[in-house]
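Shown here is one chain on its own, the form predicted on its own, set out as structure tokens.
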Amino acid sequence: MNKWRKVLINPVLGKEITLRMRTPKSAFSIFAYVLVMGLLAMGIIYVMTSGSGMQSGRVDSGVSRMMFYALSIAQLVLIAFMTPALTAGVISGEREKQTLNMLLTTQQSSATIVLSKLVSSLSFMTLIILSTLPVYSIVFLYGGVSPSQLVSVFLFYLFVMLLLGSIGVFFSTLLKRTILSVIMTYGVGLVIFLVTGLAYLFAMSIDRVSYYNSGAPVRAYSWVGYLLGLNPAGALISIFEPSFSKSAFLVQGSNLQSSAPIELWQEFIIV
């Protein structure tokens, strides 16, 4: 066991994981995160069961499914806010503390140092995500969601964390000041999450108007769906509802078997 530990965990990675995991701040962060997700789940249940359309506050599979969607989107937003904060200062922070030169004189290569910093940050974020599994277990009490969907969503979370974490480490390595690295990382994240969504809505409205005014023949699909494929939220929704990709591409084929040229989550991962 110790042999494999020495092979898989180098001194930099071991130190980073130990310092990041064994602090009261880490325990409080996990507690606060799970508390927010739990309160959100309880709030959704209360809102969905207190409506006039619900009979005797009953929770059915439809309510459970809506709760799963809301929790997943909320968790994606929290990942977008927390991951850059964990990774945008891993290298620039060492430079500001004047310990980077000391780190570079060790036997670890530059790539090993960078990857160790990235893995240690993402391991803590992964622990936070896994700690919300008891909250998601509420969904399985009422049905409406399959375990495969939950696994797919969590794998997508890991991919988004790797994406944002890599961007944060990139700017942390490129820029000398942590504050600049954080600003640039959040700026790129804002483009990925917000600008792509707004660009899709803007392009879709223009495309619909121009298409219907031109009197062109029926088309199989529109190109605007490719814009939404760059958005993590759109990709996540396409995992929930496979038919969402058809709606995003404005598929108009007369054949019921008509489908989108590519699923949104597939395009997001490829790009």
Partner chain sequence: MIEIQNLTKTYGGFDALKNVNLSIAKGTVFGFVGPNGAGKTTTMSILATLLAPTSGSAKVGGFEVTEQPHEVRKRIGYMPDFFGVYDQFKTTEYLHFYGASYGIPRAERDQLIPQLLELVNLSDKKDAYVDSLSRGMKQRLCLARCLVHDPDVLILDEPASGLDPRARIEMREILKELKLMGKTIIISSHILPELAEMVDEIGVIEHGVMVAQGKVSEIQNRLRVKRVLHIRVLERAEELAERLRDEAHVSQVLHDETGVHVHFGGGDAEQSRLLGGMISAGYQVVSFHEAQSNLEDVFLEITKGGADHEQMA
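Numbering follows the first chain given and starts at 1. As the structure is a prediction and not an experimental result, all values here were calculated from the model.
Missing here is the form predicted together with its partner chain; even so, the following discussion is about that form.
| query | Tell me, which of Val77, Met102, Ala111, Leu190 has a heavy atom within 4.5 angstroms of its partner chain in the predicted bound form? | reply | Of the candidates Val77, Met102, Ala111, Leu190, Met102 is the one lying within 4.5 Å of its partner chain in the predicted bound form.
| So which of 143-151, 157-165, 191-199, 92-100 is the stretch with heavy atoms within 4.5 Å of its partner chain in the predicted bound form? | Careful reading of the contacts points to 92-100.
| task | For the three residues Gly38, Ser50 and Ser131, verify that every one has a non-hydrogen atom within 4.5 Å of its partner chain in the predicted bound form; reply yes or no. | result | Answer is no for this spot.
| So, in the predicted bound form, is Ser137 in contact with its partner chain at a 4.5 angstroms heavy atom limit? | No.
| task | Consider Lys15 of the chain shown here, and say whether it contacts its partner chain in the predicted bound form, taking contact as heavy atoms within 4.5 Å. | result | Answer yes; at least one heavy atom of Lys15 falls within 4.5 Å of its partner chain in the predicted bound form.
| 4.5 Å heavy atom contact, Arg22 and its partner chain in the predicted bound form | Close contact exists here: in the predicted bound form, Arg22 approaches its partner chain to within 4.5 Å, heavy atoms only.
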